[in-house]
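Only one chain comes next, encoded as structure tokens, the form predicted on its own.
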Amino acid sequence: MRSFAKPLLEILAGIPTIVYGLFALLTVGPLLLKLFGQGEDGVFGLNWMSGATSVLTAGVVMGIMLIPFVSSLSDDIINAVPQSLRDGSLGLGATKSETVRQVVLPAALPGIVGAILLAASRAIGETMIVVMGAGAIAKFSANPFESMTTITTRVVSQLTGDTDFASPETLVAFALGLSLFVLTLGLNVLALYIVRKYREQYD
């Protein structure tokens, strides 16, 4: 299964993000609108989505795009755990599931957290999927069925054109960039805390 699934997942990593954006705009968005849309458009008549562009649309496609990064790196990290640890656990009477849960995963956890961080940093800096899947409306809401935009997309829109360095648009872009930096730093600190808490030392 692994020899068949891993090459297929790694093919997804080579697809340009503009293709993912078109997939979100033309396929995933209309499908979600058909499920959660209003009136006759929606299958369930939930009236949750008013258009095909939404945060949920971009999130679903972004998740598909990040699968190869996390799965491929995690697979390599888990396979890098020494076989002697597995043999020792099985020799002491542990089952295969106990060996995976109590030996292999704790040994590979720092690397898996690193893979998730890599995927998160890729998602934070993504613009094309978000512009085409979630729209470019600058507003803050907790509703995933509405159109919104990301910080990186907003920075690009604020800095395009001939604007003075001291203009409000430029200052807003710098403030957004600082917010993005603080957010990324917080993710790294959290990942470092998780790695140090769960890391196990082996001789």
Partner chain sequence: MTDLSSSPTQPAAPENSLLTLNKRTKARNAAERRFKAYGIAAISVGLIMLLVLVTTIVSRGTGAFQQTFVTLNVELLESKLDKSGQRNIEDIKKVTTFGYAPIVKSAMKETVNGLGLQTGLKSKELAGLLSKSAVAQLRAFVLANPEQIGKTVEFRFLAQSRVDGYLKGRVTRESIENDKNISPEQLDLVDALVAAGVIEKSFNLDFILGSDASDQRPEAAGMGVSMMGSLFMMLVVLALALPIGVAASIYLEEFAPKNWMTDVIEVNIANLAAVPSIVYGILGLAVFINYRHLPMSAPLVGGLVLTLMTLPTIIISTRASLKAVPPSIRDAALGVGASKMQSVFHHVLPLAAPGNLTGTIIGLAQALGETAPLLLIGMVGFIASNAPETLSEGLLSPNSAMPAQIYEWAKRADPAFYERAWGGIIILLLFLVTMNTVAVILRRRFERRW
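Small disclaimer: the values here were computed from a predicted structure and weren't measured. Numbering follows the first chain given and starts at 1. What we label the rigid core is the largest C-alpha set whose atoms superpose within 1.5 Å from one form to the other.
Omitted here: the form predicted together with the partner chain. The next part is about that form.
For E98, a non-hydrogen atom is located within 4.5 Å of the partner chain in the model of the complex, even though that partner is not displayed. Taking the partner from the other structure, the partner chain in the model of the complex has no heavy atom within 4.5 Å of any heavy atom of A115. Contact check for K197: no non-hydrogen atom falls within 4.5 Å of the partner chain in the model of the complex.
Interface membership of V156, defined by any non-hydrogen atom within 4.5 Å of the partner chain in the model of the complex, is confirmed. Taking the partner chain as it sits in the model of the complex, the stretch 2 to 16 comes within 4.5 angstroms of it through a non-hydrogen atom at S3, P7, E10, I11, L12, G14, I15, P16. Fitting the two forms on the rigid core leaves the C-alpha of T152 displaced by at least 2 angstroms between this form and the one not shown. Once both forms are fitted on their core, the CA shift for L31 between this form and the one not shown remains under 2 Å. Comparing the forms between this form and the one not shown, the C-alpha position of V60 differs by less than 2 angstroms, with the core used for superposition.
Here's the thing about L192 and D75: their CA atoms end up at least 3 Å closer in the model of the complex than they are in this form. Cα of N188 to Cα of R122: at least 3 Å shorter in the model of the complex than in the shown structure.
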